[in-house]
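Presented as structure tokens, the chain that follows is alone, the form predicted alone.
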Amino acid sequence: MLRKITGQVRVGLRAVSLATIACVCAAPIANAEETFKLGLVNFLSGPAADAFGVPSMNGGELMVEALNAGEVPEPYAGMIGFGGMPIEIIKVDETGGAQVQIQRFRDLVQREEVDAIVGYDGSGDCLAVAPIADELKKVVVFSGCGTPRIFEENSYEYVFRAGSHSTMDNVALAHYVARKLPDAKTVAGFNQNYSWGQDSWRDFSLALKELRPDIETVGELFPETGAGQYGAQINVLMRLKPDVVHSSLWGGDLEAFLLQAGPRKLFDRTNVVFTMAEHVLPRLGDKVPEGLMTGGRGAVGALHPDTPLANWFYSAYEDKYDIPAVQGPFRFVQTILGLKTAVEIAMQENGGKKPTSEEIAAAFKFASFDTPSGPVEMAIGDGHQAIQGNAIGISKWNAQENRVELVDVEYFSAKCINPPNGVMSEEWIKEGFPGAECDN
């Protein structure tokens, strides 16, 4: 059973109908001087930094500053930091690969003595760090790492992900494509050659086959992460002439592909649909081809719901950094708010003391909390994995406002596009989405 703080959570994302989840009001902490030391990890250098990691970290810092100042609107108004404890942050660069991240994780725990860690977006990094978190008995809350394998193939005590995994993104995208492109007959995949890209293509192609069994797969391309040059693959796609090309590229790889495929007129010849291109649209501006179908890994960025919390965060981010908030900041912030909820539940249950890692982990399981992306529920992975709704739209240049918009947006409820607890994503899709609750 989900541990809801108060009220009833709707899984739909339409703006005015979102239910508000009130914050936990913990008892005062015993030592008013005590702080909560938090490690923040994301890509601060390398090809994923500019489009993804730095915006994520910026969003995290903004939220921590606002929480410490008591400036976050309802349902988090009135409580400083985490349960009255000011938050102290230590930033860590995720660049360097899995072995580097394992050592940096150990340093955060053993040298810096952090109380918890949030972040990580590379699926390989999450898969490597997760067992170390359990070994060291320190709570880590992943902000990204889309692969479903983290909690479908393993079980952890101290590891959580406060955002949905990639099945959500690709099932929603398959629903959208099936509806918007009824005449499509062929599809090809163009995805990075590691767990995120492989899992994304698997889920999308399986979901599209369930929804449109008449569509034929004509190609599967898996370039290496960070390849940067895609001329050969673009030529292959143009020869294959699929009606639909699916891609889960992100960060610098995604930007490179868009900038290289545009002049070659790939987007004039096929419908390229993206799992998560939303986060590069503000950076590329008028270089983004019109008519791209894309999601953003939730109702994020310009797709955010019309709630006080979402509107405040979207405006505050653009005011501070002079660029719109996109996927990375939204998902990073919901990770922090998920941890805040767990800390304050634990404090409510222990009489207002600073909670231990064991108490935080117990409180996090099956919790629900509100975010700028809408309601999030730790509903699967035995309470360690979140579900949330998603939104898909089509790119269009707005010359008057000098920015890319997403139009013809459709929202998909969490229980429509995520598997139930205890059910493997791949099997859920192959069996025709049993138990899915779709209202659109």
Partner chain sequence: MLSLQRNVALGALALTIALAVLGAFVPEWILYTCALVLAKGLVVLGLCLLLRMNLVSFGQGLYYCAGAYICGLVSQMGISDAFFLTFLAALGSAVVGLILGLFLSGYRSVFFAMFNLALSMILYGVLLKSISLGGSDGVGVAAPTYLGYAPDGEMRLYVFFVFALAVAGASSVFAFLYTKSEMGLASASVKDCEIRLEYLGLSVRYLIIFNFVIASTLAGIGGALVAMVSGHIIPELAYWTTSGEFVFITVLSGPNGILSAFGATAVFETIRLVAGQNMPNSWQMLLGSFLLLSILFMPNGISGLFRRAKAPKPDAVGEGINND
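This structure is a prediction, so every number in the text was calculated from the model and none was measured. Residue numbers count along the first chain shown, from 1.
The discussion below concerns the form predicted together with the partner chain, not included here.
Among heavy atoms of L127, some come within 4.5 Å of the partner chain in the predicted complex. In the predicted complex, none of the heavy atoms of A362 sits within 4.5 Å of a heavy atom of the partner chain. When the partner chain is considered in the predicted complex, S195 lines it closely, a heavy atom lying within 4.5 Å. Among residues of the shown chain, S123 is one whose heavy atoms approach the partner chain to within 4.5 Å in the predicted complex.
Of the candidates S155, T356, S315, Q99, Q99 is the one whose heavy atoms come within 4.5 Å of the partner chain in the predicted complex; the others do not. The partner is absent here, but in the predicted complex a heavy atom of L136, alone among L136, V218, A302, A184, sits within 4.5 Å of the partner chain.
The three marked residues, A66, N68 and E88, fail to reach the partner chain in the predicted complex, with no heavy atom of any inside 4.5 Å. Stretch-level contact analysis of 90-98, 344-352, 208-216, 168-176 against the partner chain in the predicted complex, using heavy atoms and a 4.5 Å limit, identifies 90-98. Looking at 104-129, the residues that come within 4.5 Å of the partner chain in the predicted complex, counting any heavy atom, are R104, R106, D107, Q110, R111, S123, G124, L127, A128.
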